[in-house]
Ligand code: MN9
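Given next, in structure tokens, is a single chain: the form predicted alone.
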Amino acid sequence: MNFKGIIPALITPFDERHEVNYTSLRRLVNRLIDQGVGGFYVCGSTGECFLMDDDERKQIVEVVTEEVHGRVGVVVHVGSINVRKAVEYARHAQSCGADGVSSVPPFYFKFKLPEIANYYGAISDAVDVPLIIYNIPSLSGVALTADDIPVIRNKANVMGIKYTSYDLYELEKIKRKIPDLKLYYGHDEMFCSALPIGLTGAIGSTYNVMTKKFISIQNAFEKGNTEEAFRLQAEANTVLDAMLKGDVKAGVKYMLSKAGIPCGDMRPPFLPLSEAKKSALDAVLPLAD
């Protein structure tokens, strides 16, 4: 599967009634492909997947895969605490032409590792496309380690991991102990620091709006110009600092709306951005390019 480089975790644009804005979604997909993204990660945390119903999650996948039309890779997040739902989403994603599926581990009930492995195994057995584990312990409450992943791989066709954790030591251990596993880093603000470990790519929220910035960071690093790479990372992090005064996803939506792609607010119970938070984002808009 050709899925590497800078990969936006797609936001879900909404209209003023908090319904999915499919026109904006199509426009965003094409804008990002034109800017050089390496693929799309669909219906993940950034896409507010757990605030959407089954039909919405499926229609988003249908629209994105249709609009992409094979130009870049598409991986669909199918996570659900209900394994039957996860399998249903995975089968639907494959039927739409998705190149892979991904999932957070089952959460809330503090499942044990063999139960988590069985969850991933059920998803993998249901489809013929590879699986990317989504490790985001700050939200799922589950931190998957270099020792855990082989246990899961005994049950599932795991191609890679979306690693959204600040623990770069553990990421290095994963790389060292499981060298064939593809690594996709998930904390945009640490992208430059994670690159030396040997990433296949990075999957992040701010790549919806700072695509060219992060491609430039990667290019500078690959050319050996680490000073330039970290300078650009600092610019990106100045934008992130302003986003974090509210919610990063809300900030991304606001900045895209300012760029001419209406994305609305996040879906309730999230609150809209205040005028003060919008002003903070306006101040850093030039650095997002």
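Residue indices: 1-based, along the sequence shown. Since this is a predicted model, take the numbers as computed values, not measurements.
Omitted here: the form predicted in complex with this ligand. The next part is about that form.
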Query raised in the report: Based on heavy atom distances of at most 4.5 Å to this ligand in the model of the complex, which listed stretch, 93 to 101, 112 to 120, 163 to 171, 215 to 223, is the contact stretch?
Result: 163 to 171
Report task. Considering only heavy atoms, tell me if His187 and this ligand come within 4.5 Å of each other in the model of the complex. Result -> yes
**Report entry** Contact test in the model of the complex: Ser124 vs this ligand, heavy atoms, 4.5 Å
**Finding:** no
Query raised in the report: How about Lys58: is it within 4.5 Å of this ligand in the model of the complex, going by heavy atoms?
Result: no
Query raised in the report: Heavy atoms within 4.5 Å of this ligand in the model of the complex: does Leu32 have any?
Result: no
Report summary line: Among Val248, Leu256, Val63, Met52, just one has a heavy atom within 4.5 Å of this ligand in the model of the complex, namely Val248
Report task. Name the single residue among Ile81, Val151, Ile178, Leu139 that comes within 4.5 Å of this ligand in the model of the complex, judging by heavy atoms. Result -> Leu139
